[in-house]
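For reference, the chain that follows is the form predicted alone, supplied as structure tokens.
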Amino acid sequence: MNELPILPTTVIGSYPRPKWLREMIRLNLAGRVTDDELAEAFNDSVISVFRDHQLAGVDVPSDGEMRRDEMTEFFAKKLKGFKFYGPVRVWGTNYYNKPSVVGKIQYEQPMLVNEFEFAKGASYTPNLKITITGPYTIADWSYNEYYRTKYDMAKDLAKTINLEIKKLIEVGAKIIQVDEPALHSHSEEVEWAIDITNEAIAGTNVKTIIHICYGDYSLLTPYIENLKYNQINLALKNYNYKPLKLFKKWHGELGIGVIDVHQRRVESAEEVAEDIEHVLTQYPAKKIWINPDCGLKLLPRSIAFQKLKSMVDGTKIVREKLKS
């Protein structure tokens, strides 16, 4: 990993798929485009994502998770022990294939290695982030038809995610983000959920980030010092930064969400700068990274790009002030 500037800018992971990629996926499902042609389209889309991130000026980009339809389903399909019965309704008209655990969860083969190796070759910077869904979230977002307890299921998931993370490190991954949006979903499980997600990164020696988005952050407070990650990445813009005070005891870095991904209004660079300056009244700049609240996947691509550009430009305003 190359040296980063003060207040490094990054993304959470997902980015809008280009319209032409969505069309290629549709044609592949209809049998009109071959798997090889679709694979080429996925590769091309990754290159386009890196170009968007480069033009926006992002310091630590991702491949946009172009190959992933959904963050739990993607990994469940690649692990032994899961079965799919069909789509379930999440909210409104949104559905996803909620997996069910019907046997012992086992690691069969690398899940992200090929994806990461292509991204590494396409990236404009060695400061590349790879994201992986955490064991607790996969457990929480799956049906359990096999294990005696959810804890037992999550523990086996942690072993498989740990194996995958170590495979990624072997091929050169230096910044690994574990996504645990469900970590604070159930107050009675938070303490052991943190132990489980720590097991996912056990025995690693790279920069590790945990992404925890929307929910009641106060449920994490009693156990926050137990987290073994280098950085906690948080959605904060959506909450007007009120939860910041809950993380005073956190010893590591904070990834600060300064872009609201739930609305299409594009924040100005000046607004972003003002928000960062507010954060810096409570935390030192050397411990802060700058990012959107969550993935940008559900926004129109043009708006996602504009939001990233504002995020970077606002960060640059603050960097200049810090020099004086």
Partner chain sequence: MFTELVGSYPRPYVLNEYIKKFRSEKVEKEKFDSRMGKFKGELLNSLINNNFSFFTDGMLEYDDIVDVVFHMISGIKRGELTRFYDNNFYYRTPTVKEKITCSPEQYLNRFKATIDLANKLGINSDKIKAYTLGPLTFSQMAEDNFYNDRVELAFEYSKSLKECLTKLEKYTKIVEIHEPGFYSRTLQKKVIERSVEIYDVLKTTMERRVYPHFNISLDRLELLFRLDADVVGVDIVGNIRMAGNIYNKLTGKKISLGVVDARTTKMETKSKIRRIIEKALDRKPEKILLSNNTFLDFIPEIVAKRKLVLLSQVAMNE
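For clarity, every value in this text was computed on a predicted model and none was experimentally measured. Residue numbers count along the first chain shown, from 1.
The same protein also has a form predicted in complex with its partner chain, omitted here; what follows describes it.
Peer 1: Partner absent here, but in the model of the complex, which of 193-201, 85-93, 167-175, 242-250 has residues with a heavy atom within 4.5 Å of its partner chain?
Peer 2: That would be stretch 85-93.
Peer 1: Looking at 162, 221, 127, 185 here, can you tell me which has any non-hydrogen atom within 4.5 angstroms of its partner chain in the model of the complex?
Peer 2: Comparing distances to its partner chain in the model of the complex, the residue within 4.5 Å is 185.
Peer 1: Here the chain is shown alone; which of 107, 118, 151, 143 has a heavy atom within 4.5 Å of its partner chain in the model of the complex?
Peer 2: By the 4.5 Å heavy-atom cutoff, the listed residue in contact is 143.
Peer 1: Answer with yes or no whether residue 230 is in contact with its partner chain in the model of the complex, where contact means some heavy atom within 4.5 Å.
Peer 2: Answer no; every heavy atom of residue 230 is more than 4.5 Å from its partner chain in the model of the complex.
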